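Heads up, the chain shows up twice below as structure tokens, two forms, tagged structure 1 and structure 2.
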Structure 1
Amino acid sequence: MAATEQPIVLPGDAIDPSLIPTHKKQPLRLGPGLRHIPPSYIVPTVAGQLVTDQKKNSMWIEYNSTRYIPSANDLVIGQVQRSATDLYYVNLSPYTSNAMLPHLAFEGATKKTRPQLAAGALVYARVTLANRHMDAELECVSATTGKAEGLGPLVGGMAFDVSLGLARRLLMARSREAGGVEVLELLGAEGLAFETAVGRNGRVWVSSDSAKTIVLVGRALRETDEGDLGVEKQRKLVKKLIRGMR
């Protein structure tokens, strides 16, 4: 990785104009972490690595943080705090206001047949409405198809907290090449049977028949996160953990 190509920037830094991608037809698109002040001033607002994509003519900043700010179409894992007349109050991150999940936003839910979620239950939901003036709103069903597509209550298992950067890399389509995280695939390849759900708000839910597996996966995630391990080190970590288990 050439240092000049993907520099680390601090908020307010001037960006080298040679790094800004150009394209004949598409306008430049700015992703998270960058702010455009007309007419031509682009300034980072967070500390992180500046990433550019020539093909899509876009640039953004990859940064890590622990405070989740809801944005639309994110998949999140929330914990039900309490139930009101026709919605659930779901907590996405500690010490923030609750997001709202309507009772009818589940697959096949009508006024007569509602899901019964107790306080403390985990749900895998998508953020429908998020802006800085209002509390976030969630749904557990796809608005277009009407099917759950993996969303809904998460039964059993355990949720672990990870940093937002690791959650984002786990959710990438090609997490090994693009995100550099392979630990879950490696653990699966070693024969462990478990299922996971990753929430963009920094929570990973792991479920398995054996409690030992759940703890092992959780530990692997935490050590990858805290040690900021690359793919090679993840392999070694997985081998060490499997050896310790057997």
Structure 2
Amino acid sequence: MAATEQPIVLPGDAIDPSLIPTHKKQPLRLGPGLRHIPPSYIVPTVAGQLVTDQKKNSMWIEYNSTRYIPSANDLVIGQVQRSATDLYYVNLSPYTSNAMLPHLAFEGATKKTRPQLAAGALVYARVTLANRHMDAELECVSATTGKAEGLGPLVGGMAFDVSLGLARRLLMARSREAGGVEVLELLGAEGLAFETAVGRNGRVWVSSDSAKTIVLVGRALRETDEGDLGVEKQRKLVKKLIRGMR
């Protein structure tokens, strides 16, 4: 089932139990804007729209913000700032302290085989620990399989900054139906070959054998974001950009 939008909530509001998703096997996952108060209370910490995803048994608050606050299980694109004895310090946004990425938090990594990342290198990682009183911690392996599953160093390509709202929508399982974002699928349908990684912290990495394609994809994302374009306008934008490219 796709993510379903629910009512507007304010900080401290009581959430109707009928709006809280349930799953026989998966534990409930709380995203940005929600806090669990033992034993069983869930309260909003920001004003916004409550969104639930029954398939992932998760819920979060959709709200406008320009500051990224790390949350456990977020997929993020970070930039390595420096290396210490056993970890990398990774920047997630201009407004948060550096996150910590252990040297061995990569698939099959040992002291001899771990990736050697220089300052400025990009990594696609998952937030494993997020606490307001501590720096966030990252890893580049799946928590369940121990495999990379797309996480790890991002080689080549280019990273583009987007709003946190667009990043959230792009990360939805069905981004077109649930998030109203189709621009990447439309570009692919036009024959452009590229790959992307989307960070919950408002960064999108684009890679392609063609530099023109990378720039065009980045421009399409920026114009979709800044213009808050709906699906129909996204289609018109893609047609215009493709004509200009050819």
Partner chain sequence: MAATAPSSAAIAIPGQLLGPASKFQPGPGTHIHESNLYSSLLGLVHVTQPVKAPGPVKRLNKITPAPAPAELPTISVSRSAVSDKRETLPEVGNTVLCRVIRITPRQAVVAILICGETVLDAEWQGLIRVQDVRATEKDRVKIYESFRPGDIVRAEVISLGDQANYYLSTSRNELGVIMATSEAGNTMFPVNWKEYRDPETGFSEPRKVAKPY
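Just so we're clear, the structure is a prediction, and the values are computed from it rather than from any experiment. We call the rigid core whatever largest set of C-alpha positions still superposes within 1.5 Å between the two forms. Residue positions are counted from 1 along structure 1's sequence.
Peer 1: Given these two structures of one chain, say which is the form predicted alone.
Peer 2: Form predicted alone: structure 2.
Peer 1: Looking at the two rigid parts that move between structure 1 and structure 2, do residue 90 and residue 26 belong to the same one?
Peer 2: Taking the motion between structure 1 and structure 2 as two rigid parts, residue 26 does not share its part with residue 90.
Peer 1: Which rotation angle in degrees describes the motion of the smaller rigid part relative to the larger between structure 1 and structure 2?
Peer 2: Between the forms, the smaller part turns 35 degrees against the larger.
Peer 1: If the core is used for the superposition, what shift in Å does the C-alpha of residue 48 show between structure 1 and structure 2?
Peer 2: Shift of residue 48 at C-alpha, rigid core superposed: 4.0 Å.
Peer 1: For residue 36, what C-alpha shift in Å results between structure 1 and structure 2 following superposition on the rigid core?
Peer 2: After core superposition, the C-alpha of residue 36 moves 9.7 Å between structure 1 and structure 2.
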